[in-house]
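Below sits a lone chain in structure tokens, taken as the form predicted alone.
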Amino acid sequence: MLIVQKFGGSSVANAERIRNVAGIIAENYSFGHDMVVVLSAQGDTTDELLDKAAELNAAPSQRELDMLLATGEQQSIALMAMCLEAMGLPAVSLTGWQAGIRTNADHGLARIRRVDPERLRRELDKKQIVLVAGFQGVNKFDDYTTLGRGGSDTTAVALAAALHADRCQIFTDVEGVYTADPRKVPGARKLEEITYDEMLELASMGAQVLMNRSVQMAKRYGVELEVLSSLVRAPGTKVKEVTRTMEEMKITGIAKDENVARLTAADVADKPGVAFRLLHTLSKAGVNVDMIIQANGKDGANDISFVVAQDHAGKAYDALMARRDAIGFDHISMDENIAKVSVVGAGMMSSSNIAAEVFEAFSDEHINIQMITTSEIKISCVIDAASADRAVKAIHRRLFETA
């Protein structure tokens, strides 16, 4: 059996944690499995490297940042190889380019174009435990690239797909996927299984167990994932196409995202093409828009409100204000003190009362809803940030904890 495992930064944060992970790897290797292990940078290494860069250059080039940040994962794989060697196990560490991960040229947020697995297969044929640096690859110019937030998850899924692995396990500091953040909601339940679509919605709505790019890739290539803890030896949550519990459980989970901001373009001209020009401007600036609402204003004008990631809010504001006259609006207001609370579940499409239950939970807590969007498997609401934790707990009590 060929197993691909991924361990995050908290799982390899220090020597004790590295030894713990080495024990997990060794146990699987002892069963005769072929092992490919993807590692993230230790603990806060990436942030520390960014701080070092900022001490010398306030605006370094993305190429040099990628060259620097790629060293974090390389430390992890080399240290893990040394630990396994000390245990008498054969191990080899490979950078992203040595593992055949080829990307486009977008430094800082590269996309994997292909994986050339020949080197990986040669090392596996030698019965080596192959340790691969996550979060990185190489472009057509032979320059290091990094894959952006959650890139190590994407690395693991890409390798599992290329090698046709029998299992792809993502180890984190939690025991699986829960109905809500167990650190904030004591009654949160661990799920045995979840569909790709449900996991993708939870990931994109703020749940930080898996990054959405890795889930998208897993669905595309049919890679079944298991999310489990590196600290507790227990079964985790399987992420797959179809689950046994889909009919039994209408709601899968509740996610909260506080890294959002709402912008409102006020007094937008009520005529064709204005919304296109506004959104096209944001697209050219590299800003992804989530929720959009148009409200009727006065004197033939409208207000258009939309939600973006908080760290893109300033860029969105500047891009729109630079084309205010061309787009046709009066001014832009911005609110960063908001949160997005989302309820996700494939069973929602067959149940008419879920939305009413969710909105009643908000009402019981006297929480005002500022924006709403819905789909077949999710309801997302924008509320005041200070009410977010209270809202998640209230919804969870109503949907999961009330008999």
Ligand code: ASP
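Numbering starts at 1 and follows the sequence shown. Worth saying up front: this structure is predicted, and the values here are computed from it rather than measured.
Quick note: we don't show the form predicted in complex with this ligand, though the next part is all about it.
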Want to guess which of 80-88, 305-313, 145-153, 270-278 is within 4.5 Å of this ligand in the predicted complex, heavy atoms only? 145-153
Is the gap between residue 41 and this ligand in the predicted complex 4.5 Å or less for some heavy atom pair? yes
Give a yes/no on whether residue 28 approaches this ligand to within 4.5 Å in the predicted complex, heavy atoms considered. no
Since the partner is left out here, which residues of 67-99 would have a heavy atom within 4.5 Å of this ligand in the predicted complex? 73
